[in-house]
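Presented below, as structure tokens, is a lone chain in the form predicted alone.
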Amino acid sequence: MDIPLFHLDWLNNRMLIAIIATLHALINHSLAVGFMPLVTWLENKGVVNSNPHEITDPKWDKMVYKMMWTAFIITTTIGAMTGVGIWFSVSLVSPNSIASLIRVFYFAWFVEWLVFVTEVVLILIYFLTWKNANKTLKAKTRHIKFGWYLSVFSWVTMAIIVSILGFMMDPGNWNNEQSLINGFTNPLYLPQLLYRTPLAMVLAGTLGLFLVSVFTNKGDTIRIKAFRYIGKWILCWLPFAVAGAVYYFNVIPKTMLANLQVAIGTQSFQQWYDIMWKVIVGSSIIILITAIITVWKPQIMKSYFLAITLVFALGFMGLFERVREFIRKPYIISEYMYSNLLREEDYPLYKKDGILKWATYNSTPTVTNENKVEAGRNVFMLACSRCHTTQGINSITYVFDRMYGNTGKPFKEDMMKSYIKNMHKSREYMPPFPGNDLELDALVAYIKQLQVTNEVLEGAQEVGVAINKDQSVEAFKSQFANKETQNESQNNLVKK
């Protein structure tokens, strides 16, 4: 309400965050949290299994170094850019929610930043000193210790961020006692951490198997040995990942699980729901079979099958992130802020006065017959545009046209008003309409015009901003001056 709204009508605002955040999560889990301990463990195996006159097995160490080189390049480029990209995209698309989260988790995020900087320093030390560390056993042992330090700091970074993700789904009793400790120790923190940690190890294992197949030749002794080691790694962590998933699912709030059942009532999400379960079951089976084969008969394992396993494992992770985001609706911060960035506690005020009156960047503080469509456009930007577009992904005209059976017929105003006013009752993933009746009329008029004109909604980054004259600095100065005058008059009356 107090910040100009960025909008990408062709892509959908949430899709921008989803693409960047999902890519970052995949890299973070598979190439940092899980991969660093795996690489360190494999490096140590090279020392333990080397000949007495060698510091480490040179062929084995070269293979593990190449695996680390891959992780280093990806994490310090795409991983780093998407990490920064999350902040940029969330600040643009969802400024109110990130501002609220920063207020709650300021010190947690500060600690996470310190941990992240330390992680960056450690990964530079670990990778860039690898070859020099092979000169003496003492240097190699010290290098392996740095690998374990790096592994710990990579995990701590995730452990802090997971608390924020859990808070957004279920803040627990934070609304009663608003403190960092209450926010950090939310009901979903530990279950989600116990699920994500072994999942990261499994993802790292599937990636490790694929990289071994790329960096070694078929029939090599180190290839077979590495397959066996990593296969055992996966078999060790996979049961914990499955158990963590079950535990996590069982503590998700019932309202969210019920919301999932309502959400899959739409045809589009029903397809996602069916695919989700097929990918989850299929991925688990494929990963298990792959791990068993690499331990039992590693010589028959093919690179293309390992690539398929990796794709399914990453798909599993991607779908998990998609579903986690969806079932949180209608909130972006559960029981505090709706997905349209409006706080739940402010709704009575908006219902009474309308949202346009209180929006700082808004050209129509009140709805009139002359500005009805423009006011509807402003209402749509404030109440709908965080999840919907006019002509792009999740288009509002497509939503209504689908309700009419894709007939292309003009939308009926009365039916649209009734639906918008009560949509949160039948579709629990939708927040209630926040405005008054005049704003509802204006929104319907705007959507009906969209059906005819196919107009594209442009954000503040393209059209600039208009200041609500009732929320301007001049208006507040005038109100303050009037109040001062009234106080002075009252004081004079008291003196008389």
Partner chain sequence: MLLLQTSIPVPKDIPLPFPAPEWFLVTILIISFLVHIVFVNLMLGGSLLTLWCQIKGIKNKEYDTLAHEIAKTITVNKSLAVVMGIAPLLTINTLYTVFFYTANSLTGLMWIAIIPLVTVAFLLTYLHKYTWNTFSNNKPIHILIIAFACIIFMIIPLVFFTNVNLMLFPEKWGTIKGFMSALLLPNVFPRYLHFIFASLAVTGLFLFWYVGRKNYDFESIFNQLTRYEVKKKAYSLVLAASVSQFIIGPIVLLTLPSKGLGWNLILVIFTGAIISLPAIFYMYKAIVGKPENINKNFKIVVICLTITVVFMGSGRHIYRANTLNPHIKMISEKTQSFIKESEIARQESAKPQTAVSDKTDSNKGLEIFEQNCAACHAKDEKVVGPPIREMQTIYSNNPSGLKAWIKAPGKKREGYPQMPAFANKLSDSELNQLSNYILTIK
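Please read all numbers here as calculations on a predicted model, not as lab measurements. Numbering follows the first chain given and starts at 1.
Keep in mind that the form predicted in complex with the partner chain is missing from the display, and what follows is about it.
Although the partner is absent here, Pro58 sits far enough away that none of its heavy atoms falls within 4.5 Å of the partner chain in the model of the complex. Under a 4.5 angstroms non-hydrogen atom cutoff, the partner chain in the model of the complex lacks Asp437 among its neighbouring residues. Proximity of Ile396 to the partner chain in the model of the complex falls outside the 4.5 Å heavy atom cutoff.
By the criterion of a heavy atom within 4.5 Å, Phe110 is counted among the residues contacting the partner chain in the model of the complex. Partner contacts here mean any heavy atom within 4.5 Å of the partner chain in the model of the complex, and among 76-84, 285-293, 145-153, 311-319 they occur only in 76-84. The partner is absent here, but in the model of the complex a heavy atom of Met403, alone among Val281, Ala243, Met403, Ile300, sits within 4.5 Å of the partner chain.
Only one of Leu193, Ala139, Ile98, Val214 comes within 4.5 Å of the partner chain in the model of the complex through a heavy atom, and that residue is Ile98. Contacts between stretch 423-450 and the partner chain, counted in the model of the complex as any heavy atom lying within 4.5 Å, involve Lys425, Ser426, Arg427, Glu428, listed in sequence order.
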